[in-house]
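Only one chain is included here, represented as structure tokens and corresponding to the form predicted on its own.
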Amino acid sequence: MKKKILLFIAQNEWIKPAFGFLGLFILSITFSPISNKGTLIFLKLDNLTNILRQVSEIGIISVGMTLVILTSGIDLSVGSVLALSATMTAFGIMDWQLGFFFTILLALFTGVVAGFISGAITSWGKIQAFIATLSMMVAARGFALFIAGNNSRNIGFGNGAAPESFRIFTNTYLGIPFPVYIFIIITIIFAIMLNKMRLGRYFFAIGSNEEAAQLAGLRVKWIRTSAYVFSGLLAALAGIIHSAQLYQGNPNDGVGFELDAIAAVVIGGTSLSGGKGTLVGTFFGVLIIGILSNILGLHGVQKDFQLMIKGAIIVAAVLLQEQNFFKKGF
């Protein structure tokens, strides 16, 4: 029986982050601050809803980051692409009067272009993904600042402003914010792609052994580039949601989002060397990051210490992925 359980855990990589999520949830309840009425603040409906709302953006970005990391790449530009998309959304809907539909298309297209450039530089330019996406991170942020004139652009409603349909990203249905539904749907769609479609299997193949994938006739460059395109597209979608949530497009937003996304992916069991991982694991990794940030915030832990803790968690997660780490020693 014990062997069967261990085999089941080994075959289902999402089990470990799922247990990690459950353990952290219990710890958060145990160490939750108590309100004046004697209730646990962590378990308040408003607080749990707030966690879900906050993780939706990082969650959507993390789905794209998972695809890129599966191909043994990395995308450091997602935070800047989010800021660029949010800026394009605000100006498209307020200043350029493009309307809801064309504004969304423009913002998403911006993310696709950014992802394609990063993927093309990595695949055909033979430049390391770290450098390529670092360059895109700087360029996208600079373009956002250029469009906005170094200022944020507020989004208002009424005649000559944003249509009421834009409020869909801020609405709540059945007690759950609409962006959470988007995150869940995106996760399901790409999970199906990874497990049931050829393109998903190709991502795993390239990450596991790129040379073997090339010898097998796979169009490695195009497949890898498509992973970056998806990453840019989803970062742009998160940017649209971000602008709607804050009622503004700010070119300075999204700083550090790439760290949270990478942390969620790694905690979810995806190997940074590529070829191994699941989106279910990433889903639980996102929830872990969200709960951790929330409980630290409830206890008044400063942002800089939160970043240090997240950095330590990434290192710990990578070390735990090394199966023989404790046997090898330091």
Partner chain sequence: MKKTISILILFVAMIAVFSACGKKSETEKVRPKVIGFSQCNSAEPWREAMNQQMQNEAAKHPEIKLIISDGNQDNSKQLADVENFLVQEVDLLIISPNEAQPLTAIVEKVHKSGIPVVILDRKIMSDAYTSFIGADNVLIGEMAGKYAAKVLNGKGKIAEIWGLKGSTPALERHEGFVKALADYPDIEVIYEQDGAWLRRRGREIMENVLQRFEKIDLVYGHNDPMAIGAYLAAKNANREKDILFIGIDGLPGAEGGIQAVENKELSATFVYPTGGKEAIETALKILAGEKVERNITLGTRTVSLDEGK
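Numbering follows the first chain given and starts at 1. All figures in this text were calculated on a predicted structure; none of them were measured in a lab.
In what follows, reference is made to the form predicted together with the partner chain, a form of this protein that is not presented.
Judged by heavy atoms within 4.5 Å of the partner chain in the model of the complex, the contact stretch among the candidates 137 to 145, 114 to 122, 238 to 246, 100 to 108 is 238 to 246. Relative to the partner chain in the model of the complex, residues Ile34, Phe305 and Ala316 are all within 4.5 Å by at least one heavy atom. Contact check for Gly158: every heavy atom lies farther than 4.5 Å from the partner chain in the model of the complex.
Although the partner is absent here, Ile15 lies well away from the partner chain in the model of the complex, with no heavy atom inside 4.5 Å. At the 4.5 Å threshold, heavy atoms of Thr278 stay clear of the partner chain in the model of the complex, well away from it. When contacts are judged by a 4.5 Å heavy atom cut-off, Asn154 counts as touching the partner chain in the model of the complex. If you take 50 to 86 and check each residue for a heavy atom within 4.5 Å of the partner chain in the model of the complex, you get Asn50, Arg53, Gln54, in sequence order.
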